[in-house]
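For reference, the chain that follows is the form predicted on its own, supplied as structure tokens.
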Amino acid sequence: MFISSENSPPCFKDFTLVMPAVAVGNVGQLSVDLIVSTLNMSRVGYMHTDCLIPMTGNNPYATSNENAEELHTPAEVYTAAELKLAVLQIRAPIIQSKSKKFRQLLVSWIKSSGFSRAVVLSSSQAYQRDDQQMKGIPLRYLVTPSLLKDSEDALKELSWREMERVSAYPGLTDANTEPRLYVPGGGITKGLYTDSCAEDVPLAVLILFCSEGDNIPDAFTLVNHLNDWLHLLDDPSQKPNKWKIPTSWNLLFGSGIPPALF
């Protein structure tokens, strides 16, 4: 459930929700970090659930010593009211046995909050691409029927490719087998999309093919594609440093080798 950190719960009516899927390379989470940090979004609450591994830490978007020691939880909600934008940042892995419950929680919250649309930022294993998925840019999208009615023209202008359905058995063709939606390494991406279709939720998924490693460049790529659609910033491609890197990224790969080892 969503718990507000303010005296009066925020109104999300007609807001756009952006959230990550915990997927390969954590590209969605890194992209959301860039959005929250750059837009200086305000934390308005958190999701209380037993579906995520419990953890806490210091403020990942600290700007001074005063707010650096604020405690933050695994799933928090931020808003930029002037843009009618809300972000759900997920920082912890989903407990495998509670994946379905977490998807249902998200779908229920999106519907009850009155969001005009939800956008999931995800990623998929590049090495498991089908031959047809090797074509064009490494971005694919999925969109539910209820959102397609309002966004079809905008998606056509962007010239993005929809996520291709692939053979259930790569290399084999069977007239009796329908191609399937397959997002390897995508976590709850496929299930959340399927649930949203069934519940008539206006939801889109942006998926970037990538590999594990230093996924910071992938995060910039994904968030720039999102910006081409939502126009969160004015032409960030001309100014590569316009996205603000949060302080927490200094520790993405640990704190370095202890000098005492040498």
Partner chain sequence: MATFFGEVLSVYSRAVEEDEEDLDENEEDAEIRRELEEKREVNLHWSPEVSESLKSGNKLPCSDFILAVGHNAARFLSVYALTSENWDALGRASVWNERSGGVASEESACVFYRPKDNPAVLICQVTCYLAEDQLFQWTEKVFDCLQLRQLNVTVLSESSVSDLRRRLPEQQLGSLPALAPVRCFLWEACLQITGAAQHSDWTSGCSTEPL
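Numbering follows the first chain given and starts at 1. In this text, all values refer to a predicted model and were calculated from it rather than measured experimentally.
Beyond what is shown, the protein has a form predicted in complex with the partner chain; the following relates to that form.
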Query raised in the report: All three of 82, 138 and 207 touching the partner chain in the predicted bound form at 4.5 Å, heavy atom to heavy atom?
Result: no
**Report entry** Segment assignment from 114-122, 154-162, 100-108, 140-148: heavy atom within 4.5 Å of the partner chain in the predicted bound form
**Finding:** 100-108
Query raised in the report: Given that the partner is absent here, does residue 216 sit within 4.5 Å of the partner chain in the predicted bound form, heavy atoms only?
Result: no
Query raised in the report: Is there a non-hydrogen atom of residue 49 within 4.5 angstroms of a non-hydrogen atom of the partner chain in the predicted bound form?
Result: yes
Query raised in the report: Taking heavy atoms and a 4.5 Å cut-off, does residue 200 contact the partner chain in the predicted bound form?
Result: no
Requested in this report: Look up in the predicted bound form whether residue 248 has a non-hydrogen atom within 4.5 angstroms of the partner chain, and give yes or no.
Outcome: yes
Query raised in the report: Heavy atom within 4.5 Å of the partner chain in the predicted bound form: which residues of 45-61 qualify?
Result: 48, 49, 50, 53, 54, 55, 56, 57, 58, 60
